[in-house]
Each structure stands twice: as structure tokens, then as C-alpha cells.
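Quick heads-up: it's one chain on its own, the form predicted on its own, in C-alpha cells.
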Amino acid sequence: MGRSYGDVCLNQDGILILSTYFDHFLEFDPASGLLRCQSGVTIREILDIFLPRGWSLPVLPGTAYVTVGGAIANDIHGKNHHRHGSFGMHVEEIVLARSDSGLVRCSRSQNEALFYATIGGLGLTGFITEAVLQLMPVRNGFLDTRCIPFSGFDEFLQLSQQPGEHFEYTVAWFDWHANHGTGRGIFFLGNHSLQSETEMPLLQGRGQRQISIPFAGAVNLVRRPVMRVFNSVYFKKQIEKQVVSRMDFDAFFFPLDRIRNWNLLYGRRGFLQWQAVVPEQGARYLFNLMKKTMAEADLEPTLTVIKKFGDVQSGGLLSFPMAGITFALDFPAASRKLFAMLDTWDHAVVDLGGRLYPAKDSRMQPEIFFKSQPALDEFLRYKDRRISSSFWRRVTAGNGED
């Protein structure tokens, strides 16, 4: 859909292949929940058709406007990695159009190596034309949720150890500069509602887009004073929901989808998201480094999301998710100090044995990419020689090209 925050979906000065017309549903087996569709079908379209019929995707990202091909190529993750891993765990078959061999089918039992190179392979192993996905049954379009306020990162780590056995979905929102500098957050927990469709129709639980931002202004509207007021109001509103409450599907999974073109609030210069994952034993060090360097640079993120990944691997050679803690921070892209600070964070991440998320990246240096991808040499055996991208050329600086 062209919505990646970085340049994995761009090909400057080259030919860009769009999947716009690859948007057909091909086959569905209601007994097994297996769906065959083309790569341009979006998560939004899958949910529109199958959620009313009692089916959902096992892994959902923060927006429904992602194509199946993009979800596979980036091996996207959701709020339930500790339970269901990443998107690639639920892909049964992929059909690729390769420049050297035409259409190729691959799966865990057929062309297995190419299959795992394609999951998280950033679209570089061939053009994905179709895929077979495993859907999961749900009873309705609602989730039973709980919000737990916490103070400081150590308390988040404690909370993240406990609820995974009882809650399908976990994620935390964090406000760095509240509580006299210690920070505070809200830990969100959710399970699919178990009420039957006779008690709660499947068609319910689908929120509608409410606001549309018409254009990007000359100035950034997401400024620090505004965000501090918003964070304070948001925190107070969420702590009122500590008891279990019911939330509709879209509100829980895709809150920003309700604001069309929300990124335009950042003005013409836009914003940058930095997302990385590190092993849990290094998470506290990275957190303290981020806090220290943000204070020194006088920078403050407009949004911070923290999640715990489980030890569930899709097998994708270049896949981002790994066991540990992932941080995602949004910054307005105007500050000159920002890039130097993020360079410091990048080096800390790879030193701790972590990696950056290519789907969100727009500035990673080649040495960071190479150090964080131990399977890169194996991946190069399956890369299509005639396919490239702006991201690939940037992070390999020609070293990854044949």
C-alpha cells in the first residue's frame, strides 16, 4: 500500500511494481480456515469479508491498510507475538514470480529454503502473486480488555512477565517525562470475547473512520506542549478502565486508522519512527541510554510503544521479531540532533544482540544492517538478481548486489 514508514517499498530511479490489481480472493475452505488470495488483498478487506463469518487473521499489525504481500515481505508482528509469533507463522504457501524462473510455488515442504527467504525477505526474492493464509476462528468482533497503569520501566518488565499465560494481546504505551522523570505508562491486555454470536452479533465491533486530515500544513501540529497535555489526559482516561471492559475490534487493533492521513499532522517535514528489539537482559540498558540521550539532546518522542516478543520464530531469514523487548518511538523529523542520537541507539542495539525493523527504517547505516543480520549471506543465495529497492541499496551500499 506504499505506507511503510521507510523506503522498503520504494525504488528511486527504477521501476516500481504495484500489486493494485492483484486483489482477488481465490479460494476459502470453511472447514480448515485456509484462505488463498492474491498479494494485493489488504488486511482490511480480509476482515471486512471474514470477520462477520467468524474468522480473523492470527496476527494483526497496528493498521489494517497492509497488503498480504507486504505483511509477508516484512513478516509483520502484532500484540500477541508471545502467543502466535509473527505473520509468517501463519503463511502456508507463497507463489512468487521470479525473473529467472517464472512462477514458483514454495512452502514448508516445497522449495523450503526459498519460502523462508521470502518471509521477511523485504520483497527481494521475487514478486509475491498469491499466498495461502491460515485464519483463526473468533466468536464476534469484540475484545475484553484491561488497562494497568505502571510507573517506570522496571515495573513494565515486571508486568510483562505475568499476563502472557492469560491474555492473548499485550502492549504498553509509555510517557517518558511524567512522574518527575521516571516515566509512566499503561499496560494494555486483551482477549477475544467469548460471548456467542447469538449474544453479540459478529457484524458488530467494527469502528468507523471518524476524522480526515485534508493536507499537511507548513508547521508541525504535534508539538511538545500539545503532547504533554494529551499524554496527561490520555493517562487519566485509561486508568478508569482498570476493570475488564469491552472494546470493538477496530478500536483495539487499529486506533490510528480512525484518523485518515493522521501523519499529515506532523506537517510537511513529516515524522520518523525508530523501532528496534533487543534481548530482554539488555532492555534496561537500552532504556536508560535512550532516556539519557534524549535529555541531553532535549528531544521528546510524540509516541512510545513497548512490547515483549516471545521466543516464537517464523524461520524468516531476515525477519525482525526475536525474543526480547521492542521499543517503537515517533519523533518529528525536523531536529538535526535526532539522527546523531539515533545513530548512538543503533550501535547499542547491535552490541546488545538486537536489530532494527526494516519496515520502519529510513536511515539505518550498512554496518548496522550487516551486524544485525547473521543470515544475510544465506539470504543472498535466494535474492532475485533483478529486484532491488531504495532500502536495499542504502543498507548494502552495493555489497549485497550481484
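Residues carry their position along the shown sequence, with the first being 1. On a predicted model such as this, the values are computed, not experimentally measured, just so you know.
Below, we turn to the form predicted in complex with a small molecule, even though it does not appear here.
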> If you check 47, 35, 356, 66 against the small molecule in the model of the complex, which one has a heavy atom within 4.5 Å?
Replying inline: 66
> Which residue, 133, 117, 76, 306, has a heavy atom that falls within 4.5 Å of the small molecule in the model of the complex?
Replying inline: 76
>> Given the stretches 140 to 148, 98 to 106, 184 to 192, 68 to 76, which is the single one in contact with the small molecule in the model of the complex, using a heavy atom cutoff of 4.5 Å?
In response: 68 to 76
> Taking 4.5 angstroms as the cut-off for heavy atoms, does residue 372 touch the small molecule in the model of the complex?
Replying inline: no
>> With the partner left out here, check for me: in the model of the complex, does some heavy atom of residue 123 sit within 4.5 Å of the small molecule?
In response: yes
>> With the partner left out here, check for me: in the model of the complex, does some heavy atom of residue 8 sit within 4.5 Å of the small molecule?
In response: yes
> Should residue 256 be counted as a contact of the small molecule in the model of the complex, where contact means heavy atoms within 4.5 Å?
Replying inline: yes
